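First comes one chain, alone, set out as structure tokens in the form predicted alone.
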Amino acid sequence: MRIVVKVGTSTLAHAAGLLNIRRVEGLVKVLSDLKNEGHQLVLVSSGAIGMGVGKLNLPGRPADMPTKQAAAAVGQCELMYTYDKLFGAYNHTVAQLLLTAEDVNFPRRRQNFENTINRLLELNALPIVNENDAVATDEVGMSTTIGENDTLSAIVSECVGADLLILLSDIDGLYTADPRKDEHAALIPEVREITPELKALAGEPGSALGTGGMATKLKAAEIAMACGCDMVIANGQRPEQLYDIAAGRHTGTRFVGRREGQ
């Protein structure tokens, strides 16, 4: 299969912002093994700003945009160095692709991106994609920014014709209620349609579940499902779950893509 895996900062880093070495090493090991099985993989990775904060010895995540962008520029080097070193130990070659919204919204630039990433997959490389946070901003209304990597990973899945998108998060999947507040909350194992009720369940950004990005994950699911790609939300604390997800076994919440004729 052609699989896109999105990994967030909560999976890559400790609460203090420094790299979670054991978890990243485990993730790279599993992804390398899946490549050895014959799957084509694309990794959409957050973490540049967090790693830049650590590298620059800043007291915390910056509040002002120029310092965020500076941290991203420094952290992206560190992030790719780490991935190159770890994947290289398993004889896999990585490639870096940094995007802005213009690269996917303008037809000619999107075609250039698709040509590059598809050729990288043909050459058996592992593309690692992130938003170009050193030049893009997350201000409301800015046309140059995608804003978050859930949506970016769905767009990448669309561009490469992925069979499966996996979002590794800090939660096991989509629940009937916030599991951190409601002990009766139940995991929803499968979704075939994004309904208004489901969107209301996820919450808006700033609400209990929305804070964890569930609203953006449903947006990503809509994009993926529309192009016939399945999407799974799973907990990134256990990278070995990727084996079960790739094999089609029930893990997390699976959003079933719309196939031709359905």
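Here the structure is a predicted model, which is why all the values come from computation and not from measurement. So that there is no doubt, residue numbering starts at 1 and follows the sequence shown.
The discussion below concerns the form predicted together with a small molecule, not included here.
This chain is displayed without the small molecule, yet in the model of the complex the stretch 45 to 53 from 45 to 53, 24 to 32, 193 to 201, 227 to 235 comes within 4.5 Å of it by heavy atoms. When contacts are judged by a 4.5 Å heavy atom cut-off, residue 148 counts as touching the small molecule in the model of the complex.
Not displayed here, the small molecule is approached by residue 130 to within 4.5 Å at the level of heavy atoms in the model of the complex.
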